[in-house]
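Listed next as structure tokens is one chain, alone, in the form predicted on its own.
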């Protein structure tokens, strides 16, 4: 095998709670993370050295890129002398709260494990991924998971019932570190009860899942980027069952009843925002 092409799926948070500041400077979080059908496509080929290309001008193509760093780290920790030619076909907006960069890195780790014939367990790849970023371990595993610690400790959960989503991105990037820096527990209006969310998932209780969706980072993101609040408010008036910000934003998703409703809402919003798409949980 000399080339692999794999999907690199985006994620949303069904629940995101911040429990406090850690001694290492990160925040202790408790999140229920979910893979969705929106995806980039990553093609990895055997090569003499590590190179990276993309159809997008919005991502770096050198060592600043998580996918490039994933290949270099795997090469370093395993002593493998092979290289990789990586191409990322981007469809996930950059710095959007959707883990696009993390999913690309995870796709590279999984692909090179096969191409370089390393036979490393998925759990070890996830641990390596945690050295790159907090969302990478989840992107290695995928599906529906509880993420704790700084987000790197992953526990798999049962698959959620299919949820149809309309995702809206207002067209600017959000600095995750700044959002966490500005986070104040006193400003949080509503916290998720993650244990209740997990019980709803285990029962495949669609209504219970939707009712327990909360993201405490909305308070700090809305303060820093008021436009994100406006997007959420507009979606909330559209008849959606639930509207929530993705990660630290600025992407916001609306849960709707079925595929037809999703595409009707997308049609209404297209042209008003630079990025509007329909996705589903997978």
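Positions refer to the first chain, counted from 1. From a predicted model like this one, the values you see are computed outputs, not experimental measurements.
There is another form of the same protein, the form predicted together with adenosine-5'-triphosphate (ATP); it is not shown, and what comes next is about it.
*Asks:* May I ask you to check whether residue 49 falls inside a 4.5 Å heavy atom distance of adenosine-5'-triphosphate (ATP) in the predicted complex?
*Replies:* Heavy-atom contact with adenosine-5'-triphosphate (ATP) at 4.5 Å: absent for residue 49.
*Asks:* Any chance residue 111 has a heavy atom within 4.5 Å of adenosine-5'-triphosphate (ATP) in the predicted complex?
*Replies:* Because no heavy atom of residue 111 falls inside 4.5 Å of adenosine-5'-triphosphate (ATP) in the predicted complex, the answer is no.
*Asks:* Is residue 196 close enough to touch adenosine-5'-triphosphate (ATP) in the predicted complex, meaning at least one heavy atom pair within 4.5 Å?
*Replies:* Contact check for residue 196: no, nothing within 4.5 Å of adenosine-5'-triphosphate (ATP) in the predicted complex.
*Asks:* So, residue 240 and adenosine-5'-triphosphate (ATP): in the predicted complex, are they within 4.5 Å at any heavy atom pair?
*Replies:* Output for residue 240 is no: heavy atoms all beyond 4.5 Å of adenosine-5'-triphosphate (ATP).
*Asks:* Have a look at 140-148, 159-167, 112-120, 87-95 and name the one stretch with heavy atoms inside 4.5 Å of adenosine-5'-triphosphate (ATP) in the predicted complex.
*Replies:* Of the options given, it is 87-95.
*Asks:* From the list 219, 43, 30, 65, which entry has a heavy atom within 4.5 Å of adenosine-5'-triphosphate (ATP) in the predicted complex?
*Replies:* That would be 65.
*Asks:* Which residues, if any, of 95-117 lie within 4.5 Å of adenosine-5'-triphosphate (ATP) in the predicted complex when only heavy atoms count?
*Replies:* Residues within 4.5 Å: 95, 96, 97, 98, 99, 100, 101, 102, 104.
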